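Take a look at this one chain, the form predicted on its own, written out in structure tokens.
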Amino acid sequence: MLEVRDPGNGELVYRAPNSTLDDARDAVSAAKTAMEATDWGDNPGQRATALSKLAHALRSSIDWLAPLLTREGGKPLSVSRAEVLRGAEAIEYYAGLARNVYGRSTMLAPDSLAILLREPVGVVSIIVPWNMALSLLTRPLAPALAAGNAVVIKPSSATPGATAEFVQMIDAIPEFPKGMVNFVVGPGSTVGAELVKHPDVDMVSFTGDTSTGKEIMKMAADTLKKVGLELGGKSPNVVFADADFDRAVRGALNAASMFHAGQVCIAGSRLLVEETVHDRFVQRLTEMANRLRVGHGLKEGVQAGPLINEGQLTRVLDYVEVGKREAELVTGGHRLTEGELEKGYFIAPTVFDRVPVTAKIAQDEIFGPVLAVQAFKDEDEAVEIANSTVYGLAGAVWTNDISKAIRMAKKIKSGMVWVNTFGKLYPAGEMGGYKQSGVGRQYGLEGLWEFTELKHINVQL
């Protein structure tokens, strides 16, 4: 059995069975059998009903499921509640699309009709990280099921509890055929690898760090299966002098995802500020960062939670030490151990200023509460700095000049660019990465098509 402990105080939260290779193989076999033995892939009405019931069940669970998410992953309760609602919204959105998996048809010649039919891929492995265990599961699960696929889910071994409870909701809905949704828990090196390499798995959907994504691509290449990868980021958050100053400061702190100790893939962990307002901006930002209340996510008023475990704590503190040699530490940069914080993995919100473009803290995804501030003099330099990493997941531009905003948004090499906001995600709005931030798209219609194959049926008239 795996023991899941609260990163905020070390208490035991959940016990989950540690699956074996045989469990993983049995799950794939069950998924394949369900695809072949049922009409799930050809019954959009049943899929729509099943997903609608699941969305209702998830929304109704918020009062008990959100605290479990907080105890497993550390994020503040308000963030966990938002995560449950985001998951329900994604499932509701794709419940509506389940009846609309349209292809198209065309006359290729006077006596030749082409029918282009979208079909389910087949068996899909969904491998989920620990930082947003529920919303990063529902994001691929909902379109995979809406398109008519069978799935095998593997959550992170660090946060399997909320996923296990969610899967029980699926099991209680009769419209889901048995074997259509399967669930295993175990190490990525064994169970996860089997779910990628297995010849009866037709597609792998993975969310996580870039290095693991590359290994998954290599393993999937042996059977040439489809992959959907949402990987790391080092997102630039660009603030111009003509932006709404107070709103941009609040937005920059929120973009850095300090609320989840920076453990968010789209986090605006690089803050680019125009020279003329740089000093004032950093001063205000630092004041706000120092006022953030750090603590256990279930405590009222807490605004920032812990890191997930001791290994991540050590990793982040190592980066902080590197940062002290590369740039100017403005605030934070140390572990918090006062009072009850001693029981958890807490780091003070950390801001570095005057960070060189080539610095490790400007190039690497730290996945901690560490913000790197860089100054720029004009649009051209802002674009150059923004595009200076191997990542391209997200970005933002703050300005009251809409023409400047669109110019910058077009030039930033990222799958998503927000204007005068940061981090807003909608089930109907596609997202995904450029460069080494991923392959494919999530959410929206594109997120549905990812889980389909396009078949050309040619009819001689």
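All values derive from a computational prediction rather than experimental measurement. Throughout, we count residues from 1 along the sequence that is shown.
Another form exists, predicted in complex with a small molecule; not displayed. Remarks below refer to it.
Looking at the small molecule in the model of the complex, residues I127, C265 and F367 each place a heavy atom within 4.5 Å of it. Just one listed stretch, out of 102 to 110, 345 to 353, 220 to 228, 199 to 207, contacts the small molecule in the model of the complex at the 4.5 Å heavy atom level, and that stretch is 199 to 207. Out of the listed residues G232, G251, P76, G179, G232 is the one that sits within 4.5 Å of the small molecule in the model of the complex by at least one heavy atom. Screening Q168, T337, S189, T358 for any heavy atom within 4.5 Å of the small molecule in the model of the complex leaves a single hit, S189. Although the partner is absent from this view, P155 contacts the small molecule in the model of the complex, with a non-hydrogen atom inside 4.5 angstroms.
Not displayed here, the small molecule is approached by E215 to within 4.5 Å at the level of heavy atoms in the model of the complex. Proximity of R139 to the small molecule in the model of the complex falls within the 4.5 Å heavy atom cutoff. Residue contact check for A193: one or more of its heavy atoms lie within 4.5 Å of the small molecule in the model of the complex.
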